[in-house]
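Take a look at this one chain, the form predicted alone, written out in structure tokens.
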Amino acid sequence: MRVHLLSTAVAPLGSGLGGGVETMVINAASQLQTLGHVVQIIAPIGSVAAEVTVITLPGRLAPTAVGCGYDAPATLQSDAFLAQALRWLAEQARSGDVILNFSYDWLPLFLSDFLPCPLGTLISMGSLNRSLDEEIRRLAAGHPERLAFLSTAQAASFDLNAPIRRIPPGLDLARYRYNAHPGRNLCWLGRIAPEKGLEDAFIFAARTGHAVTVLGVLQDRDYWEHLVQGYPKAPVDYGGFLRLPALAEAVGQFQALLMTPKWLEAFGIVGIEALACGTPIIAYRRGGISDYVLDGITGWLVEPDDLDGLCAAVARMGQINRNACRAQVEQGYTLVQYGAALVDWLRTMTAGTEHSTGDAG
């Protein structure tokens, strides 16, 4: 089968600005290719991905849906990358092909009725925009085989009435070395942007005295500078934007990963990356994080925005067995499992009206 993967429209692959979606796209392409499918990624100019075919197209990058507002109207720009990519797919795709869309935008959802082959969308965020929500609910009611979600909590945010297909990300565990002997410090990993709640990591460091290393792309420099100036005594340092294998080597050295989102995190792939290295998690019980952080087993979940609970949890990290963290990823979040779930979805989409929904994870 020939499979076209439509990448995120907000940033080139490899930039880090597309967050965990970048990892999901590249891992999907790699695994589907390993399973014998002919795969190509359609992505913005500047995209890079090893050992898979990437077709780059020009066009204006899309703003992230996080900052657009729930009632903001859906926009369409003829020079946008997403418009260019969908035009290219309409011309190049054949009836026996399948398109997997990773771009969180209303346009691919709407156009899925009019393309020459099935288009399925792996929804990568929670409810953020009315136009998107309406298209997702329309497809869930009429064509549920075209949708998949990353987590139960994410899917619930759309208030759907039908069962959902859940396909969580998977990792190539050979690229994540397990470390049984970490240091005392903690890390925070992700895009440095307000919705990720990095200020709570600064407050945690100031209150507990535990040093925190921040890793991730510096998406909002003004936000970072504001935090540095606002918490001058907090033992927080910036470790840069790391790619594999350096990322895994770094994350495995920490006592725990802090996850402090201020929005409904659809999944949070950095969490399973940390667990794969044996690094447990201290996180807010918000969004998809609660799908894989097993409270008291692979980390500690505290109520959203509960800074006291966040700080208190670090004293209990000695109760967490790092072997259990690695084992959880081995049991539920491998590249093989991710590929199998994607293949099952492809078969469903190409089987016509005889489709199965339910949990493919």
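The shown structure was predicted, so the numbers you read here are calculated from the model rather than taken from an experiment. In this text, residue numbers run from 1 along the sequence as written.
In what follows, reference is made to the form predicted in complex with a further copy of the same chain, a form of this protein that is not presented.
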- Has each of Asn185, Glu199 and Ala234 got a heavy atom lying within 4.5 angstroms of a further copy of the same chain in the predicted bound form? no
- With a further copy of the same chain left out here, work out from 205-213, 277-285, 68-76, 250-258 which stretch has heavy atoms within 4.5 Å of it in the predicted bound form. 68-76
- Query: Only one of Leu107, Ala193, Ile164, Val98 has a non-hydrogen atom within 4.5 angstroms of a further copy of the same chain in the predicted bound form; which is it?
  - Reply: Leu107
- The one option of Lys262, Arg138, Arg177, His226 with any heavy atom within 4.5 Å of a further copy of the same chain in the predicted bound form is Arg138
- Would Ala83 count as a contact of a further copy of the same chain in the predicted bound form, using a 4.5 angstroms cut-off between non-hydrogen atoms? yes
- Query: Would Ser157 sit within 4.5 Å of a further copy of the same chain in the predicted bound form, counting heavy atoms only?
  - Reply: no
- Query: According to a 4.5 angstroms non-hydrogen atom cut-off, is Ser131 in contact with a further copy of the same chain in the predicted bound form?
  - Reply: yes
- Taking heavy atoms and a 4.5 Å cut-off, does Leu111 contact a further copy of the same chain in the predicted bound form? yes
